[in-house]
Structure formats: C-alpha cells, structure tokens
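Here we start with a single chain on its own, the form predicted on its own, put down as structure tokens.
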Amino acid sequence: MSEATITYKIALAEYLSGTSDNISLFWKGRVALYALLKSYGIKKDDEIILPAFTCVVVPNAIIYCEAKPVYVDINPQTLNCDPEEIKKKITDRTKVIIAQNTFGLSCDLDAIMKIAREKNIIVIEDCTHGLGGFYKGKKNGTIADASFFSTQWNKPFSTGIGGMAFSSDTAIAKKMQKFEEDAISPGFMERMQLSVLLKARSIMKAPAIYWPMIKLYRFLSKNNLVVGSSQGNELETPSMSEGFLKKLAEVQANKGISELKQLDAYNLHRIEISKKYNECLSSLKITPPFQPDYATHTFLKYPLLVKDRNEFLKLAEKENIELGDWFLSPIHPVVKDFEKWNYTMGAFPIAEYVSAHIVNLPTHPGMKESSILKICEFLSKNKSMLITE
C-alpha cells in the first residue's frame, strides 16, 4: 500500500470518526459494495432489499454474490426507500437492506433500522450520493451497520472513479481489509487513462462543450475505450467481468487527499445553489424538492420533474444548458431486458413514473452565479414543460 493510500485512508477515517482499520479502498464504489456483501457472508439465494430507483451497478454487485435483488418502491417526496414498502418485502431469506442517500438525502434510518433490528437484518448505507450529509446530526455512512461510497466523477468529491467501504464492526472491517489486500492493482493503461481524464476534467465542464463531451465520454466508456464509471458489459448483463475486484490506485489516493479537504466547502456550495433553485421554482409556483427535518440534504443533484424529458433535454442542449438525466430508469442507465436484474417493469409505479420524468439541475463546485441565472431563465421560459407538483 502506497504512502498516499495510507494517508488518504487515515483522512477518510478521521472524517467519519473512525480509524484507518474501519476503511477499505477500492477502484470503484461497486467493488466496495460487493466486498461488503461477501464480508457479511451473503450467498446464493439470499435476498437483498434495495430501492427501485438506483444504478444498475448495485443489483449487479448483489447478483455477483448469487443473491437476489428485491426492489421496493420509493417515497415520492424523498425519492428514497419507503419503509412501509420494505416491510412488505421481508422474508426469511432477507439478509440486507440497502438504504440509499438519493441525491444526497439520507433515508429515514430510524424507521429502517427498527425494521431491520426486529428481523436481525443488516443495514448498509448507500452513500454514493451522500458523503458529507447528515442524519439527525450524525454523518451519513456512520449510522447503519456499514456503508459504501463512490468518488466517481459526479459524486460529492471526485477521484475520477473510486470507492470505499466503512464499518465500525471489527470483524467485518478485518474481512474487508483482506478483500482490499487480495484485490488486483489497476493496470498501467488504466492508471494512465485516469490521470489524463482527471487533468482534462476542467475542460469537459466548460458550458459551451458540456453536451458534446458528455456524449463522447459515455460512448467511449460504454464501448470500453476509456476508463469509465459504467463499462459496456455492466449494462448488458449482470455477470462479473474479469478484473472486477481492484484496489485503489495511487493516482486516486493523491487526488482524494486534496479533494477531501474541499468536501465541506463543496457541500455548502451545493446547499446554497439549491436555495437559489428553490427560490426560482417558488417564483414559478412550483413546489421545490421536499426536505425532511431529520436530514441535511446536500443536493448532489437537484431533482426536477418534466412532462417530456427527451424534448426538455433537447432544448437544454440547444441552449447550452447543463442538465443531468439521473435516473433514466429504475436501474439506471438500463432501458431494456430488466428481467436480467430481477426487475419486473410495472411493479413499482412511483419509481417508474419518476424515472420517466426526472432531470437534474447541476450543483457542482464549478457552478457560477451566471450559470444559475441562465438555468432559471431557461426554466421560466419553458415553465409549461415542468410538472408543478
């Protein structure tokens, strides 16, 4: 383990009020989830509950363990797991509930933990969106039995790609460390590609070329031509690819050390931008996203529902308006053959409605006042396309 990796691990542990023994670092967040599930002894035919509004890499990690993803519908206000729906899906085979921080908002963890404790079920926080947020004054990722995080491009802070797992359970933490030690190192070309992409990131964010660069990057990563968040094979079948279990590279650790120092500032910036969007929507007589009292919402993305997403995104591209499309489907970005991931289309009406109509307003650290004003003007001009409630 490099000196940079050790330093990064210690810094992360301190941020989460733990020790370096509680943290394991991996090439991607999905690898951290897989290692966590294996560390808890998840095996064939075990059932894992997760929201029907997630990224495909989450059910992939479950299926890699030969376990069964069991989806639950979301709360239409929080876009997180509905605890009442969780209760309906618990069986004798349920071993884990994955509690996702959607767009930075923590789940109702008290309710979920109560359900889990009554049935001796493990709760894992999916903090890929939520690092730096809080649930009742406690940092996201420190409340449940364990948690996993992502530092991919569009996450609370970025190391290009990257992930980590956290557990205060000594036995689980030791098993995680063994996974980390045994994981293969990223290859030379992977490390070089990531280094180049990290240097090019600021260029990719320039408003004038945002849409062309996003399309190019997604095409290249889908076709396995560059290191990407989701590679082509992950979107086609839930079969573990060769070399999936990789450890963190030194280039990621070096970037993470500097980025972690900025995390609180990044999240304060996002919260301030979300307030401006709230004002904008309120002026248009549109209800802003719900913010429960129990959580500090960091708004990794600011969700907005529109009547015709394809047309809305086309208009945004034409006017160089930066918008996101999380989540294109209940298991983003998959749009067909859902049964491969044990998902039945039509079974989760709220998640399916939201995923058919949602777009995201940007809140990243590069957002400036002029960009926010331009987005608000765009929303005002296209108010008729917005869903008001």
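When you see a residue number, it is the position in the sequence shown, counting from 1. Just so we're clear, the structure is a prediction, and the values are computed from it rather than from any experiment.
Only in words, not in the display: the form predicted together with a small molecule, which the text now covers.
Looking at the small molecule in the model of the complex, residues K28, C55 and T128 each place a heavy atom within 4.5 Å of it. By the criterion of a heavy atom within 4.5 Å, Q100 is counted among the residues contacting the small molecule in the model of the complex.
The closest heavy atom approach of S150 to the small molecule in the model of the complex falls within 4.5 Å.
Using a 4.5 angstroms threshold between heavy atoms, G132 stays clear of the small molecule in the model of the complex. For the chain shown alone, K155 is a contact residue for the small molecule in the model of the complex, at least one non-hydrogen atom being within 4.5 angstroms.
When you look in the model of the complex, the only residue of G141, G104, G256, G162 with a non-hydrogen atom within 4.5 Å of the small molecule is G162. Note on the interface: of 317-325, 29-37, 64-72, 347-355, the segment with non-hydrogen atoms within 4.5 angstroms of the small molecule in the model of the complex is 29-37.
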